[in-house]
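Quick setup: one chain, the form predicted on its own, written in structure tokens, and binding and motion questions come after.
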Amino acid sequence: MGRYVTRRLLLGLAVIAGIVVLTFAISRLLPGDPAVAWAGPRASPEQIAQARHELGLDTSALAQLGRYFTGIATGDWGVSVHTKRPVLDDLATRLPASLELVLAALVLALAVGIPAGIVAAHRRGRAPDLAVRVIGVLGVSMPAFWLALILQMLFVDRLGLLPIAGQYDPALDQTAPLTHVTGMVIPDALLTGNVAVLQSGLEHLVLPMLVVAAYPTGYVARLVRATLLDVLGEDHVTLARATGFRSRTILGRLALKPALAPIVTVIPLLLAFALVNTFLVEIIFSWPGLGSYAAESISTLDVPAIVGVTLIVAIFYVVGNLVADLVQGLLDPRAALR
């Protein structure tokens, strides 16, 4: 097991190093001159040359790559052209909002998807099974931006039940200011006892959470159904059924635990995928996370910020895949032999 963990860690580090090289190459291929963007549209040639020197663009590509690697390792991810702040500080400010949305959506997906998959497997071929399968396919296949617009038209324009954008009512910054602890609105409101912000935050969270949760809910429901049906078809379950055990007993004691094991391994990957899937959702709902930050960076050709967002998302994917492999190795020691 130790060798398996070491191999996976080294592979993960190699992939991250490759991502760093790739993001460096992409940053050099993007249109526009970072020095001009940094110095401003009315900068003189001398000011542009000074900006190019400050940004290290007047050295060779190999030297720039070495500096880029050193900066990534030491926490210097460059300075945003748009905000004039270190990119890593901007990411640290925006990431909690995205994580709050993703974690809430993932909890909802597991809370709905697992029972739905169990019901579908238990009622195979009947109306509940068909309903779960249809809803699962819709959740997996429907584009996030389309679902977001539909929910906005229904719950905001037609019914007027929920707010359309933001994390909470900005007027509360004057009447009930929130004390930031984690950077996430709902946990901070709970920790500080801010009831007004908590209520407003929950109302603003509902629609984007439903949109982000659509894909993982459908995926989890279909995966639980498929794995549970596989386990129910194994010999020891057939023997238990032949000896007179009730279906619910077989489902709860013999089939459910091994059927849920694959869910544990895919949770990190679902988390990473949901983080990427929030980008369009954040733009539509004006959610102040990585997605809106990326949109602002693209509109201003902010190369350091664009590369920073790309890198942080890629790292989340690599770490999620690594965690999934390690969990699979712990649950199934046979995986460590591959």
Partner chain sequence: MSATAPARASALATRTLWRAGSMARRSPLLAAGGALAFAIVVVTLAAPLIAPYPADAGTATHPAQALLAPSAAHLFGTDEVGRDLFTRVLYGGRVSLPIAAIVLFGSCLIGVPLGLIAGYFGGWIDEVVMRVTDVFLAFPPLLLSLALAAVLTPSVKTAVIAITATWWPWYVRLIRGQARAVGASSYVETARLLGVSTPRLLFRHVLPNCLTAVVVQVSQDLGGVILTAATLSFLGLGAQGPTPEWGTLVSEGQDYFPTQWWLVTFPGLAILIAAFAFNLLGDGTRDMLDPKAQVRRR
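Numbering follows the first chain given and starts at 1. The structure presented is a predicted model; accordingly, all values stated were derived computationally and were not measured.
One more form of this protein exists, namely the form predicted together with its partner chain; it is left out here, but the text below deals with it.
Proximity to its partner chain in the model of the complex, taken as heavy atoms within 4.5 Å, picks out 218 to 226 from the listed stretches 176 to 184, 97 to 105, 218 to 226, 204 to 212. Distance criterion of 4.5 Å from any heavy atom to its partner chain in the model of the complex singles out L149 from the list A261, L191, A111, L149. Note on contacts: among L162, L138, A196, A92, the single residue with a heavy atom within 4.5 Å of its partner chain in the model of the complex is L138. Remark: K257 does not count among the residues lining its partner chain in the model of the complex, judged by a heavy atom distance of 4.5 Å or less. Within 4.5 Å of some heavy atom of its partner chain in the model of the complex lies at least one heavy atom of L22. The shortest heavy atom separation between V15 and its partner chain in the model of the complex is within 4.5 Å.
Although the partner is absent here, H122 lies well away from its partner chain in the model of the complex, with no heavy atom inside 4.5 Å. Residues from 303 to 327 that approach its partner chain in the model of the complex with a non-hydrogen atom closer than or equal to 4.5 Å are V309, T310, V313, A314, Y317, V318, in the order they occur in the chain.
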